[in-house]
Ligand code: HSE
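So this first bit is one chain, no partners, the form predicted on its own, shown in structure tokens.
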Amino acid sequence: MKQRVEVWAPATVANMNVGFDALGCALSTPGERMILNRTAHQGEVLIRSIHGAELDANSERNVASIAAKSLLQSLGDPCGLELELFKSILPGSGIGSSAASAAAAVVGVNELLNAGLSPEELIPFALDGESNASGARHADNVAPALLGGLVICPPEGPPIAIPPLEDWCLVVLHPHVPIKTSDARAVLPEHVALQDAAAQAAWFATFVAACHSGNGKAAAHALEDLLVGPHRSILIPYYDEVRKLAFSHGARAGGISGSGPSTFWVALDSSDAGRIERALSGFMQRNSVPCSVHISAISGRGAHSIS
């Protein structure tokens, strides 16, 4: 067994318009690192340091340490752990910050102890940590963070990987404004019209079929958000203006990432992605809204050791 491992984990986009609480993808950037060290204190998991974000370092409340401890206990607590977190995915960004921490933690424990568990087998332990942050055990961030690619999380049974879209370039805009997941859920209606639910299901099915046929243009066309985005967009700074600007510079689809405030915009080549990125960055700067903008592919690989 090793004494130290270093792990990389990707940011993720969840919901992706058609798959509320069910669909997510891993991003090639941004991502973040975590270092795990073995200690002699069996069953004890401590946070040594956190870089890049102000997070609770109490091991009973931190997402990473909760996930790591859950897996460590299932393996018989053969040792203790110290974690060092390097947060490049900002908390509250809507692109899976807590999921990346949870995924990195369980992949690190699995690697450190040579446990030999598959990414699918690690999901429940990562969810133990993720649920501490989100308040729910939805795997649409955690599953792609562990498996990579595009992942569907059905109401029952394990996540299902679908073919990633190699011709997609995603532009992710993160306005640096706080949006609580509870607030983003509070604006959603309890009931929706049957015709809207039927149309949304049809678009989801069309998206999946387009992915299996490798048709990135058709998949982008299918990303119609009829149930969630129209209600949550009021929480996103300048959402309507950003959407119009993104489409006028080459976006084929787009919407809210997770519960926001980040949005994602789909381009079919890197030149369009560059134009979208410049347009959105300039707009936010002119309106004095601090932000981060990332151009990313869908990562075919989830969290993994880089030791």
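If you're wondering where the values come from, they're calculated on a predicted model, not measured in any experiment. Quick note: we count residues from 1 along the sequence shown, nothing fancier.
Keep in mind that the form predicted in complex with this ligand is not shown, yet the notes after this line are about it.
Residue in contact with this ligand in the predicted bound form (any heavy atom within 4.5 Å), chosen from S74, S233, T181, N215: T181.
In summary, the region of this chain contacting this ligand in the predicted bound form, judged by heavy atoms within 4.5 Å and restricted to 198-206, 117-125, 100-108, 140-148, corresponds to 140-148. A residue is said to contact a partner when one of its heavy atoms sits within 4.5 Å of a partner heavy atom; A14 meets this definition for this ligand in the predicted bound form. Put simply, H221 is far from this ligand in the predicted bound form: not one heavy atom of it is within 4.5 Å. Contact check for G258: a heavy atom falls within 4.5 Å of this ligand in the predicted bound form. Residue contact check for F283: none of its heavy atoms lie within 4.5 Å of this ligand in the predicted bound form.
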